[in-house]
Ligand code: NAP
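First, one chain by itself: the form predicted alone, in structure tokens.
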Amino acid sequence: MRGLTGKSVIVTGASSGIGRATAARLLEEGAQVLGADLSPSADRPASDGSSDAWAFIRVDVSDESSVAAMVAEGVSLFGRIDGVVNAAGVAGGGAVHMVDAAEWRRVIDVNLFGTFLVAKHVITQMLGQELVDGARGSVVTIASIEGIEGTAGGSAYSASKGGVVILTKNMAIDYAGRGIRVNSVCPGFIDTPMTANIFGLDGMETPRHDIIKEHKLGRFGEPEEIASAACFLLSSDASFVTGHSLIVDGGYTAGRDHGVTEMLGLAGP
């Protein structure tokens, strides 16, 4: 992708799943990456990029002082912040009458409030930077198809991701004139440790089967497929893209099938 070589990017949630895959792809594209996660440490993601281009910091995205320290570390290492991918997130939900208030706050604090804090401090830094090729930076949030449409039992998670979608659009409007693009990626169900934990619960075998079937490509997505979308939005290949929610879901939100493709002989290879 054009315009990523030598760029400095912060990736939250970099210890696993989408965040780790995104960090690896950025390194392959020649970017410098500060990975951040709540876990105490993370090894450098496997990639063909320079070993000098990777650093890691522990961060709690729901704590403002921790986020501020993360951004300060990025500036100390790289001199400026050209991009951020906010992939830190947690699962949680249930029918609302069953959700404990503390659990609701936990999900909102990480997924939505954390996205706000990361964007706040990264954008503050970007606003003070010089323009490079007409741009000061690019912000990518990781939302979800559950921020686009409802899912049974989604409640807190869906609410948090829906908030990320509209927050992203608002930020795109606010900062476009200052050379900062802001976009979101809305993944379908992706084969990550978080997803495995959900579908590993007792009784989730049938929902898992049905959800896979609703992905028209017939499978869960891979973290690397979301990473490629995030890197595109960061890159200069997306220089005229802002305020967009890029759905990467294997056709999940395209519409319902109801067995018609099978009736038409179009299901399967």
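These numbers come from a predicted model, not from an experiment. Note that residue numbering follows the sequence shown and begins at 1.
What follows is about the form predicted together with the named molecule, which we do not show.
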Does at least one non-hydrogen atom of D37 fall within 4.5 angstroms of the named molecule in the predicted complex? yes
Interface membership of A87, the named molecule in the predicted complex, 4.5 Å heavy atom rule: yes
Given that the partner is absent here, does L27 sit within 4.5 Å of the named molecule in the predicted complex, heavy atoms only? no
Check whether S16 has any heavy atom within 4.5 Å of a heavy atom of the named molecule in the predicted complex, and answer yes or no. yes
Answer key: of M194, V132, L77, V99, within 4.5 Å of the named molecule in the predicted complex (heavy atoms) is M194
To verify the annotation, which of these, L233, A31, A227, V61, has a non-hydrogen atom within 4.5 Å of the named molecule in the predicted complex? V61
Are all three residues I142, Y157 and G188 in contact with the named molecule in the predicted complex, where contact means a non-hydrogen atom within 4.5 Å? yes
Just one of 122-130, 165-173, 148-156, 180-188 has residues with a heavy atom within 4.5 Å of the named molecule in the predicted complex, so point it out. 180-188
Output the sequence-ordered list of residues from 243-265 with at least one heavy atom within 4.5 Å of the named molecule in the predicted complex. none
